[in-house]
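In structure tokens, one chain follows: the form predicted on its own.
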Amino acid sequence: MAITYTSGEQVEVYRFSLPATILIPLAAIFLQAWLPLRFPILKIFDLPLLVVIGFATARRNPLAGLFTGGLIGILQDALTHQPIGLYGISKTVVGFGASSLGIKVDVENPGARFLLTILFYVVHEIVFFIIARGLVGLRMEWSWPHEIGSGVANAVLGIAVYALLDRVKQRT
């Protein structure tokens, strides 16, 4: 699983059709809100985060990554009982980081996608934890083994999600 660096001229930038840009995040948010209610074991997965990472690495535009992460995060916040902005801020950070790193690293490789998903899952959880505990004052506990395990589980699911996103992305 080699991560290769590319020059600016070698980077392919993709876009998504308007229906895909709207319907895929909405489906991910709906599934994230509904599935864990029926199957509690699925709480470890964060489908909206995987969509943010997939869109951001394909578009390779930090501004688009910021907006994608922020909008998906705010919509996800609206469906929780937590203060608005926790997911919005953490997914904005991930969207910006994923799109910025997508410019520098070959993110078409499944191995690189796997490792990047673990990295960005942990970054997302750290930012969420710091904001929730430090700024909002929520009582939360941190467990490295749980977060790393959840990151690996999300990375495995992410490979399938990214393959589906690859089918709807369009070359610019």
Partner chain sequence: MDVLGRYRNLIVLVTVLFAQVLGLAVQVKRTSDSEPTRLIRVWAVGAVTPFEEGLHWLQTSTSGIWHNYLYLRGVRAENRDLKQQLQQMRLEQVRVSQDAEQAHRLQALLEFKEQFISQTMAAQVIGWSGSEQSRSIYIDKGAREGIKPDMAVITKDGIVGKVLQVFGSNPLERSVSQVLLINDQTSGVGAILDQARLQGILRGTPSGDVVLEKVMSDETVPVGETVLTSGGDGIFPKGLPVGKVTKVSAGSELFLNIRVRPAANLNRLEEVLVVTKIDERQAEPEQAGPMRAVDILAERLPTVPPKQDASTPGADKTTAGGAGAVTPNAAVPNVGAASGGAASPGVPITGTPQAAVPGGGVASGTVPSAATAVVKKASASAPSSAASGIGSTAAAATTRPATAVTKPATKPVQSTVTPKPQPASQDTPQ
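Residue numbers count along the first chain shown, from 1. Not measured: the values here are computed from a predicted model.
One more form of this protein exists, namely the form predicted in complex with the partner chain; it is left out here, but the text below deals with it.
Three-residue candidate spot 30, 66 and 88; every residue lies within 4.5 angstroms of the partner chain in the predicted complex by at least one non-hydrogen atom. Interface membership of residue 128, defined by any non-hydrogen atom within 4.5 Å of the partner chain in the predicted complex, is confirmed. Remark: residue 145 does not count among the residues lining the partner chain in the predicted complex, judged by a heavy atom distance of 4.5 Å or less. When the partner chain is considered in the predicted complex, residue 104 lies well away from it, no heavy atom lying within 4.5 Å. Contact check for residue 36: a heavy atom falls within 4.5 Å of the partner chain in the predicted complex. Applying a 4.5 Å heavy atom cutoff to the partner chain in the predicted complex picks out 82, 83, 84, 85, 86, 87, 88, 89, 92, 93, 96 from 82-101, in order along the sequence.
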